[in-house]
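First, one chain by itself in structure tokens, the form predicted alone.
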């Protein structure tokens, strides 16, 4: 299968990007400044991310569309207001996570942002529940740009007046260069920021404006360190079809009403786990010293029993220390519990930590 490129491929190249194959796309992992500087730029000023490889999936229909989607997504979509977004999941019959996603209510239906590696399978799963009168389209002419960091609002307001009125997880249509674009106040870094859905024809102009305002390009490397400091999951690493939202410590993302009434895939199992607890749970982990416990690092109790596995681990530039997430047996999940981490055949100390490692700054 041919590797795909986003509409900004040549701009990334000109900015000195180092590319890697990711979810079928050639994507920038870092630029000339390197991952740490890109990370700090996002936390202290602003950075832009090309996330156009993700799926922008539009659905249209009446209330039967909402009912269909609620069979596979455990959010309260009936109560979701137009231009409001929710973080949620697609669930399989066992309550396992097929994908985690952002659902936005639009005037005609919904827009769902799908993870790049999952989008084809997601659409196949969703389509099983759709009726003939439900229209759906995976966009192939829209780019998606994330602008993240404390200066994001000041910079974007100059170009698109009115975006400063948006609150976290809300969006709206705006006019830009005689064309409609859609902006949501959201992101995946722990910073205030926006995601901008814009036509491929106009995206270069937007990026040139951001660069002229000293916004740095940010690659997948810093995107990973930023989201991990913010305690946010990465599908395929921290989440997969064998993990359910309760184990993933994401029960807050299942609407209270849906927890009580159910009616979605895997509800019986999830209801049981909500009542009785799960055997394992996702936790934050702070390794001692400078040891980095990467994905698949085994976690042990102090008396050397294996109790879990790291799913994401890196050095957190903003906290100036190694950070990790993983799954441990529930009786070891209490914050402050001392553990051991096996790195390159040797065991090092660590402890279970609360999440996030870095305080989030969203505009509610």
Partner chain sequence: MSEKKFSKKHEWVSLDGDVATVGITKHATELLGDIVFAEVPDAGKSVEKEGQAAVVESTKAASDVYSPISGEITEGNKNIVDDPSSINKDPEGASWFFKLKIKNKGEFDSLMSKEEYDKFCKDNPN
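Residue numbers count along the first chain shown, from 1. Please read all numbers here as calculations on a predicted model, not as lab measurements.
What follows is about the form predicted in complex with the partner chain, which we do not show.
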Flag residue 315 as yes or no: does it have a non-hydrogen atom within 4.5 angstroms of any non-hydrogen atom of the partner chain in the predicted complex?
yes
In the predicted complex, does residue 257 come within 4.5 Å of the partner chain, counting heavy atoms only?
no
Is there a heavy atom of residue 35 lying 4.5 Å or less from a heavy atom of the partner chain in the predicted complex?
yes
Although the partner chain is absent from this view, report whether residue 348 comes within 4.5 Å of it in the predicted complex, heavy atoms only.
yes
What is the one choice in 29, 40, 338, 319 with a heavy atom within 4.5 Å of the partner chain in the predicted complex?
29
The single option of 135, 201, 294, 271 touching the partner chain in the predicted complex, heavy atom within 4.5 Å
294
For a quick test of understanding: in the predicted complex, does each of 105, 158 and 205 have a heavy atom within 4.5 Å of the partner chain?
no
Of the listed stretches (147 to 155, 286 to 294, 126 to 134, 237 to 245), which one has a non-hydrogen atom within 4.5 Å of the partner chain in the predicted complex?
286 to 294
Counting only heavy atoms, which residues in 317 to 344 are within 4.5 Å of the partner chain in the predicted complex?
344
